[in-house]
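In the block that follows, a single chain appears as structure tokens, in the form predicted on its own.
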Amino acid sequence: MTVEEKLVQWDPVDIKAKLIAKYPPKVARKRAKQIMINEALENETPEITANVRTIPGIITMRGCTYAGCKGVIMGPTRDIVNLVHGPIGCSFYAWLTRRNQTDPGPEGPDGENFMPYAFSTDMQEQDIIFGGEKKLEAAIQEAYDLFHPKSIAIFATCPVGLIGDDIHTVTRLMKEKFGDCNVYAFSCEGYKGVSQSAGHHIANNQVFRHIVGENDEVKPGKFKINLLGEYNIGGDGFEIDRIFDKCGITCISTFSGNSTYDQFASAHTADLNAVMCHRSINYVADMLETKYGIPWIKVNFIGAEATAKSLRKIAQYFDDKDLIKKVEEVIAEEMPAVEAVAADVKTRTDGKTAMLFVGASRAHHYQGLFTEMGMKVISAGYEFAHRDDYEGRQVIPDLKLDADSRNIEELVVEPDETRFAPRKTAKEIAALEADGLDFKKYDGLIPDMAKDTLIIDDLNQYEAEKLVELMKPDIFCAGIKEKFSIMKLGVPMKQLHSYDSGGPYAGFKGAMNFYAEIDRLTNSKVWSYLKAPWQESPELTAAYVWE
């Protein structure tokens, strides 16, 4: 069945109406603003509501502020002791659940790697009643005595914020006591924002305040960049580093896949910031530009064509003939193998449909890979995006500051008196822009979605299952929480937060891995045989009170 034949079976207006039909009127009105039928009008698309609280009672796919700070941003760092202050339950998320990978680094097999550990103060009832500051102090001391790390980071969970432990004073005093260990804290209580996005912002602020700029040593390399918003899930960062090395591009720091304390501390010495995940890291990109003069561009290393385009953008920025030539040589060398696999897979995947509800850039980035396979994305959305992730950064000046956003500190950043050094003159920037290189620009998801596709913010469990029932995609891509419920509906589900046991999917080799994985999933016959017992003979029926 072709894409066109499948699409005539449903109408987007009708699908939207059916998605919210079961909701009470007030809930339906709110959700209607978060479900948009794309009119393919580029940057003139209608406004979508995003970054608002999930409706109580709905089973959302989001994570909390703590998850965004500890799990996403700081989790991939190997030589920082990440100590969770709170009951032991939240600490499970400190235990490599996102499959962030790392390597020994230049220190070799004896290099520090604390990622396999789950450090926690394990707060008990008496700590909640009488306060946990002394227990936190003792835990910091124990971690220092055992490991003598360069840095210890403290993460507050919900009870800590509720009882008022002053974690920042504790860490300041311990830092002064040690002298050779940077100790700082993140007030990232889970309830602090509407989603994990707030945790990204909090993490960005504290890393910039406490670490960036600590090491002024000039690292070797002619073309030095920072890669922001890449988390080395399933080894993505290793493939990107392989390509950089092949091109002669030096990555000073990655925020924060396969990262180290020194990478963060040296980030201000790079000459360009390349931003992958706009939502999770755009704060750092802006602050590095303001304080140190390092401009940023948006890149995407998910998809073969996107990887080639991003490499060309980096080469264009440095405006070096040898680098431009080398990048073209690498692309020419890598692409034939990718195109051969794509051509083979496309004979089996052409015309199939997909849905993506992942993160706040992945649901955009991965569409290129599906396009390379001849597949069409018929619905997509983010769990924790802001409007600019959908509509583009041009809407930022019009965004209204709400009560939840006020919970997140906005750092006031000024140019560094001695280290601010614009990497390009205004004339050079203008020339590059005239040549088509955009700085500080991201047009968002909406312009790249086809006409009449559904764009849904903060998709929930009920809507996910209803979408599958109504639109019957060939594959559904989301996170671990919804994985098995979708599979029980007889649709293959690809987990794109931590890739299950797959990856890497970035770069050229990653693209080939992804083609093969999606080919395997969408063409397996097992899904047509799947029927849950309750579909055969339901034992329980019910009606909503408002029906």
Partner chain sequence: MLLRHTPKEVVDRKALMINPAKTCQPIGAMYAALGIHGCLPHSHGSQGCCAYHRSTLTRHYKEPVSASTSSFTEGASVFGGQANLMQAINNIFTVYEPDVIAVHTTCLSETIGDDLPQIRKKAQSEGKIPEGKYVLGASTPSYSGSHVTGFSNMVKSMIDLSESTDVKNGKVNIIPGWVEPSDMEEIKRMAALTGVDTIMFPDTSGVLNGPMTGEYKMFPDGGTTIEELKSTGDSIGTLALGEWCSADAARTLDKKCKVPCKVLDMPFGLKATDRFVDTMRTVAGVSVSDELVFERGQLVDMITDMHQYFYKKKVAIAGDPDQLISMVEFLVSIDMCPVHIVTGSPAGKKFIKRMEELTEGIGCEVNIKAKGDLFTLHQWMKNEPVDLLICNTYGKYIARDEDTPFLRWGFPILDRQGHQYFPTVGYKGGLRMLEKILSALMDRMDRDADDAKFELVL
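Residue numbers count along the first chain shown, from 1. Computed from a predicted structure; not experimentally measured.
Although not depicted, the form predicted in complex with the partner chain is the subject of the following passage.
Counting only non-hydrogen atoms, which stretch in 31-39, 60-68, 501-509, 516-524 is within 4.5 Å of the partner chain in the predicted complex? Result for this chain: 60-68.
Only one of Leu399, Ile324, Ala421, Ile128 gets a heavy atom within 4.5 Å of the partner chain in the predicted complex. Which one? Contact with the partner chain in the predicted complex is made by Ile128 alone.
Name the single residue among Ala426, Val218, Val412, Leu146 that comes within 4.5 Å of the partner chain in the predicted complex, judging by heavy atoms. Looking at the other structure, the residue within range turns out to be Leu146.
Would you classify Lys18 as touching the partner chain in the predicted complex, given a 4.5 Å non-hydrogen atom cut-off? Although the partner chain is absent here, Lys18 would stay clear of it in the predicted complex, with no heavy atoms inside 4.5 Å.
Is Pro46 near the partner chain? Define near as a heavy atom within 4.5 Å, in the predicted complex. Although the partner chain is absent here, Pro46 would stay clear of it in the predicted complex, with no heavy atoms inside 4.5 Å.
Classify Val194 as contacting or not contacting the partner chain in the predicted complex by the rule of any non-hydrogen atom within 4.5 angstroms, answering yes or no. Because a heavy atom of Val194 falls inside 4.5 Å of the partner chain in the predicted complex, the answer is yes.
Give a yes or no for Tyr117: in the predicted complex, does one of its heavy atoms lie within 4.5 Å of a heavy atom belonging to the partner chain? Contact check for Tyr117: yes, within 4.5 Å of the partner chain in the predicted complex.
Within 4.5 Å of the partner chain in the predicted complex - does that hold for a heavy atom of every one of Asp11, Lys298 and Ile446? Zero of three within 4.5 Å in the predicted complex.
In sequence order, which positions of 58-96 have a non-hydrogen atom within 4.5 Å of the partner chain in the predicted complex? Residues within 4.5 Å: Ile58, Ile59, Thr60, Arg62, Gly63, Cys64, Tyr66, Ala67, Leu83, Pro87, Ile88, Gly89, Phe92, Tyr93, Ala94, Trp95, Leu96.
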